[in-house]
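Listed next as structure tokens is one chain, alone, in the form predicted alone.
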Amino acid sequence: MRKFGIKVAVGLLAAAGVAIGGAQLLTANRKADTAASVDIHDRRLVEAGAYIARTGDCVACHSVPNGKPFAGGLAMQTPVGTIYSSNITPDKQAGIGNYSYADFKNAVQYGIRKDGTPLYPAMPYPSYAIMPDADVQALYAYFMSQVEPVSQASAASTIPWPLNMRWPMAWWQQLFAGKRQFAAPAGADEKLVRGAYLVEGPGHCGACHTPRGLAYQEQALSMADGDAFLSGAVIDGWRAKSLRGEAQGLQSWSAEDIGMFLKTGRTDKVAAFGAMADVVEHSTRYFTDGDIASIAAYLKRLPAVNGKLAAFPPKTDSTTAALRDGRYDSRGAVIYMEQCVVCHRADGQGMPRIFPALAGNSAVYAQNPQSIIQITLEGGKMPANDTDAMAFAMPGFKHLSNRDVTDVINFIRTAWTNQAPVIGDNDVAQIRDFLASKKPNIVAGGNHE
């Protein structure tokens, strides 16, 4: 028996050695083989890089509110712990100041840190992999010459051992983030090709809007990979809506609606919230009109996900008249009149570009209720933009009981012409617990406790 135990131990050690050694070989083979040098003071290259950094939304993930741009510290919740974005300023000790262009390319496109450590896929290198060398070189020139160095240490994740071991990520990268090139959609014109590239590549829309598999991999990196692409996902407790052409996706949005939303974070009906508000404020509002139009055109081209409802059946609004007549036929209706009606009005239409509508708002009638629960509990703030003079905020309603929140959300999701499934008290309780357990951002230092 003892000999058997020794054989098992030796076997396990040998297997671990093969796995770790194999991971090191995979990382070595994955690294870019480039000796290219980049003139980081080339004005045209730097200007191009500044715009590409906007299209890649680098600042939103690598900065915290009121913190230094690109200094990292943003807490990103994952199912196994919190990951903090790293310092990507050109500080030589805390940031990427000692990175060569090859080091930078390895990190951005292949998920390998300068010291050879594989990066977690919270960094969207599977999307950045399709960016051309010219764009990555421009990005490098911008970061190295225009971004202010910040001496702020990057924080360790809260992922517990053994899940925090990095070497298995090399095998993950081999399976789910192979080197790839952009393939234009068949028959697409120049505008659609540009939109597809921005969505799949630097814009990394799929990183938030595509469901993840058991290994936290995006289930599809493009439409060619499968029907899951951009079909909606949950991230940081928010429901990142489906960007496909079904009823609870973008079926009811026009290309102009999508363009206005990306440019300002608002339409006459909806407003950006959560992580998407940061995306608009730091990234898409700076896109050229041509790029905005290209993205909108591409997204409107995407079909409904197989098996999902393409469009809601007609429904007559009986809610508005009932509320105006003082007929509150449910506890949710009473709470709505007490807490919500001043801004969102009896007809649920709110005020265009000031208070979002609740009737016909795709965030409200989404199949999954995470977003409407979280914004009801936590509140939200519209992103700043160059079109609207004021950015409005919604207060949180954490003081309401789970029962009250459930009742008012069920009223809103089924009132007017909305047709969404009802939720239960447990749904609210889960999001309340999630919010209470979220780790804070880090502004200075490397500790998160």
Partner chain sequence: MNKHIRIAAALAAALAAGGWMVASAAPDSASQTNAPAAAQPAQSGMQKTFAVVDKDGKRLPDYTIPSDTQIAREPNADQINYGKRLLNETRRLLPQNTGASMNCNSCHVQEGKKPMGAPYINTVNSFPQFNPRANRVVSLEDRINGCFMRSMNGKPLAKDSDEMKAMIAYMKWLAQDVPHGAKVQIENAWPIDTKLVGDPVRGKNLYAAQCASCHGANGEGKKDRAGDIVFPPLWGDESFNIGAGLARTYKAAAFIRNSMPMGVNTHGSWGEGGVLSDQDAVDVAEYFTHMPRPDFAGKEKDFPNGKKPKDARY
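Positions refer to the first chain, counted from 1. Owing to the predicted nature of the structure, the values given are computational and were not obtained by experimental measurement.
There is another form of the same protein, the form predicted in complex with the partner chain; it is not shown, and what comes next is about it.
Peer 1: Within 4.5 Å, heavy atoms only, which of 204, 239, 244, 105 is in contact with the partner chain in the predicted complex?
Peer 2: It is 239 that has a heavy atom within 4.5 Å of the partner.
Peer 1: Since exactly one of 349, 219, 100, 154 fits, which has a heavy atom within 4.5 Å of the partner chain in the predicted complex?
Peer 2: When the partner chain is considered in the predicted complex, the option within 4.5 Å is 349.
Peer 1: Please determine whether each residue of 64, 125 and 148 possesses a non-hydrogen atom within 4.5 angstroms of the partner chain in the predicted complex.
Peer 2: The answer is no: none of the three residues contacts the partner (heavy atom, 4.5 Å cut-off).
Peer 1: Among 337 to 345, 283 to 291, 134 to 142, 306 to 314, which stretch has residues whose heavy atoms lie within 4.5 Å of the partner chain in the predicted complex?
Peer 2: Only one stretch passes the 4.5 Å heavy-atom test: 337 to 345.
Peer 1: In the predicted complex, does residue 214 have a heavy atom within 4.5 Å of the partner chain?
Peer 2: Result yes; residue 214 sits at the interface with the partner chain in the predicted complex.
Peer 1: Can residue 370 be called a contact residue for the partner chain in the predicted complex at 4.5 Å between heavy atoms?
Peer 2: Yes, residue 370 is a contact residue.
Peer 1: Answer yes if any heavy atom of residue 174 is within 4.5 Å of a heavy atom of the partner chain in the predicted complex; otherwise answer no.
Peer 2: Flag for residue 174 set to yes.
Peer 1: Wondering, does residue 325 line up within 4.5 Å of the partner chain in the predicted complex on heavy atoms?
Peer 2: Close contact exists here: in the predicted complex, residue 325 approaches the partner chain to within 4.5 Å, heavy atoms only.
Peer 1: Within 358 to 396, which residues come within 4.5 Å of the partner chain in the predicted complex, counting heavy atoms only?
Peer 2: Read in sequence order, the residues that approach the partner chain (within 4.5 Å, in the predicted complex) are 368, 369, 370, 378, 379, 380, 381, 389, 390, 391, 392, 393, 394, 395, 396.
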